[in-house]
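Listed next as structure tokens is one chain, alone, in the form predicted alone.
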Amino acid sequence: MTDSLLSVRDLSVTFRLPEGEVTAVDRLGFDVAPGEVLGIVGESGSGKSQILFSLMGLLAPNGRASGQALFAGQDLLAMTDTELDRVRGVSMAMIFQDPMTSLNPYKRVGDQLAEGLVVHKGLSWRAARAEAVRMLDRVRIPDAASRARRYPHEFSGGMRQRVMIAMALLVNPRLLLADEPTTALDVTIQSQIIDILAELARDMGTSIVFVTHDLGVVARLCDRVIVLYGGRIMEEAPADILFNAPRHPYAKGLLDTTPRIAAPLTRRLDIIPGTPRSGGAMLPGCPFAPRCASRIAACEAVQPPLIGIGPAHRTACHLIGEAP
């Protein structure tokens, strides 16, 4: 994709543990276009969050990222911490998973938002606080001026997540990384947060990489979807194609386990047998093979290549065959 804002190639993330090296992400490649919302889905432990942490330079001390991640032509993985600080919180921002612990309990909410504008944009505290109130109002926090003077413990979980979104978007980033920002919220608040993100992405032209395990969220928000398993891409497709015509057995399994309104009340939900792959050394073959009912001998011996099977549609499965 020649006009990509973010272009990731051969991204691998490994961790050093007492028992050896663990691979969390294995040679991933994907692109994000300006203004696009890319969803990354998969079960817990599939490596979704580690992709975002590696791009932000926030891996644990025993973690290491390799490959290339070009953001606006600059390789994030090759930057020093000082160089990354010129990008993080300025043109690239992140919403973390847990809004209950992501805010400083000792600082007023408005001051926490304003601080980024003072540090990165050089605004005065008065101007920065005014901008913070404006953004709190934009993410639909009522009585924003009064709320800005309150502390995090005075906000509900949904309101705290709106504060986190406001904080991330306050500097008008070109790229927003969202790590399961709706997981801890009830469905009503979750729906409101999704609407806010979609609206802000549309109005501000911000690209979003949205990590989640909730396919319902993906269907509402994302333009394109990557299905991740065992640190590898199983399938990548436009959202409408993935939901209507998934090709990889794992993608099909995820969709089959999703409750459907039209299904009979007596119908049991499908399950994917077995347990998600735990971290460790990468084995030959498809990581999903031990749980796949359709596997053949090649699945356990040879890693399937990620091949194109249609416009912007790729999958890694021996059952698909070669692309025409």
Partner chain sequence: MLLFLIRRLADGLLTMAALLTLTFFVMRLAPGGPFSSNRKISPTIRANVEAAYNLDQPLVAQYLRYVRGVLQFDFGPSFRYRDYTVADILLNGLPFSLTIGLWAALVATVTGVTLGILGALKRNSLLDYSTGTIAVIGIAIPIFVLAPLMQVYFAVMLRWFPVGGWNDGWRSLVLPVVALALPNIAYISRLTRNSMIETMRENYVRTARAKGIGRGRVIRDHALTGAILPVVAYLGPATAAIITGSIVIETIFALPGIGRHFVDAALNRDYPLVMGITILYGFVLITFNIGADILRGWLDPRVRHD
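Residue numbers count along the first chain shown, from 1. Note that the structure is predicted; figures quoted are calculated from it, not measured.
FYI, the form predicted together with its partner chain isn't displayed, but the following is about it.
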{"query": "In the predicted complex, segment of 210-218, 113-121, 140-148, 236-244 with a heavy atom within 4.5 Å of its partner chain", "finding": "113-121"}
{"query": "Exercise: residue 176 in contact with its partner chain in the predicted complex, heavy atom 4.5 Å", "finding": "no"}
{"query": "Residue 101 within 4.5 Å of its partner chain in the predicted complex, heavy atoms", "finding": "yes"}
{"query": "Contact of residue 96 with its partner chain in the predicted complex (heavy atom, 4.5 Å)", "finding": "yes"}
{"query": "Exercise: residue 89 in contact with its partner chain in the predicted complex, heavy atom 4.5 Å", "finding": "yes"}
{"query": "Interface residue in the predicted complex among 227, 167, 254, 222, criterion: non-hydrogen atom within 4.5 angstroms of its partner chain", "finding": "167"}
{"query": "Heavy atom within 4.5 Å of its partner chain in the predicted complex - qualifying residues of 188-213", "finding": "none"}
